[in-house]
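We begin with a single chain expressed as C-alpha cells, specifically the form predicted alone.
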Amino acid sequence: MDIPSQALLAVHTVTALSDRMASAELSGELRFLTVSEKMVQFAADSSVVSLEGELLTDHFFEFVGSESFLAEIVAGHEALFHIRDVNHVTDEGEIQYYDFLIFPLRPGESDAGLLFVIDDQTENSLLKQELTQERNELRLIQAELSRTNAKLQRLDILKSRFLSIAAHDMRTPLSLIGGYADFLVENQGIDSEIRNKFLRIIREQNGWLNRLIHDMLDLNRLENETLEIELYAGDLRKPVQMVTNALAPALEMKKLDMTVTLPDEPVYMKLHSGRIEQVLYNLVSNSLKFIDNDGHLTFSVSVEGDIGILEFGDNGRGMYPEEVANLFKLYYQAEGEAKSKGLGLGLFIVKTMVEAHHGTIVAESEYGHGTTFIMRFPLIHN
C-alpha cells in the first residue's frame, strides 16, 4: 500500500487538529522521535510525561511480538500495520477503543522511519455496540412475536377443532332428544310407563348435552393443546348400560337389533363415565351410516387378566384394509360416508378419548362382513 506524501501531509494536519487522533514519528529502531501532545495520553503508563527517545513496545504493549513485521515496513517491504479496537481502561475506569496504524513516514525511502497514528474510536465503537444491542433486542422481539403468532395460529386451529368436535358430539343427544320428543308428541295416548321412560331418557340426554357443552367449550384447555380428563374409579359396565338403555327405544323404532353382553361382576378401572359414553355414542353414530334396516349392533364388556375389554360391533358393509389403516385420522372419511355429510371427526374423538383413559383401540373389519372396535383398558383392583 503506497501512501503518497500529500496524504501523509493530510494525516499530519488532521492529527494536529483532531481531538480524537494522536501521532508520532518513530525511528527505524522503533523509538519515538517527535510526538504530538495527545500521544502521551494513550501510553500504558499514565505517569509518563514524555515519550521522546522511548521504545514503542515499552509503552504500547500491543506491538510486542510484532517487531519483525514493523522492520519490514521500515525496509519498505510492507505498507501498513493496523490494529483495530484496542481496549484501554482510563484511570476513571472508562473503557476506550483505539485504532493503531503504523506506515512508512516517507514511502519509497527505506530506513526513513515510521508514522504512528492513534485514532480514538470510542464514540464510534460505543455507537456500534449500541446499534448491535438494539439489533439483537429487535431480533429477540421479532422471534418472540413469531413464537406468539405461531402459538395464536395453533390455538386458533385447536379452537376450531374443539368447536367442531363439540358440534359433532352434540348431534347424538340432540337427535335422541328430538326423536323421543317427536314420538311423544305424535303418540299422545302412549302407555304412561313408556312415556316416563322416554322422558327420563330426554332428561338424561339433556344433562349429557349440558356437560358436553361445558367440557368441550372450556377454552382454558386449549392453552395446553390437550384435552385433560379427570379419571376416577368406576365400573366400565355403567356407561355401557347408560348408552344402551338410551339407545334401545330409538334402535327399536328404526327396526335395528342390539345385543348387550356384560359380566356379572363389576369391571373397575380409572374412567370418566361421560367420556366412555361419548366414545360409544360416536361409534354407534359412525356405524349407523353403514348399516341397513336389518342392522345389528353388539356391545360387550369382558376381562382378560388385568385388562378390561370393551367391544362394539355392527353387521354393516365393513371396510377395505386401506380404510381401516386411516380410520382414526382427523377428518378422514371412509368411502361412502360423504352422503352423511360427516366431518370425519367421530373416530378421531373416539381414539382421543380412549387414549386419555390410557387405553388402546383397534378396528377389525372386512368388506361385506361388518366392523368390530376393540378397546383395552388397564384395570384396578377395588
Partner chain sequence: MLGDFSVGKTSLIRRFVEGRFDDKYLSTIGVKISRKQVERPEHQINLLIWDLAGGDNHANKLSGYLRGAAGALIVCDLTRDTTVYAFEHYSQQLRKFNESAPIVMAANKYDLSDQRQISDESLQKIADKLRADLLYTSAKTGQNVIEAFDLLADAVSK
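Positions refer to the first chain, counted from 1. Because the structure is predicted, anything quoted here is derived from the model rather than measured.
What comes next is about the form predicted together with its partner chain, which does not appear here.
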Legend entry - in the model of the complex, segment of 65 to 73, 310 to 318, 22 to 30, 48 to 56 with a heavy atom within 4.5 Å of its partner chain: 65 to 73
Inset, instruction - State yes or no: in the model of the complex, is some non-hydrogen atom of Y97 no more than 4.5 angstroms from a non-hydrogen atom of its partner chain? - result: yes
Legend entry - Partner proximity in the model of the complex: N286 to its partner chain, non-hydrogen atom cutoff 4.5 Å: no
Inset, instruction - Check whether E137 has any heavy atom within 4.5 Å of a heavy atom of its partner chain in the model of the complex, and answer yes or no. - result: yes
Legend entry - Touches its partner chain in the model of the complex: K128 (any heavy atom, 4.5 Å): yes
Inset, instruction - Could you check which residue among H296, R171, R84, K238 gets a heavy atom within 4.5 Å of its partner chain in the model of the complex? - result: R84
Legend entry - Sole residue of K255, R147, R203, H77 within 4.5 Å of its partner chain in the model of the complex, by heavy atom: R147
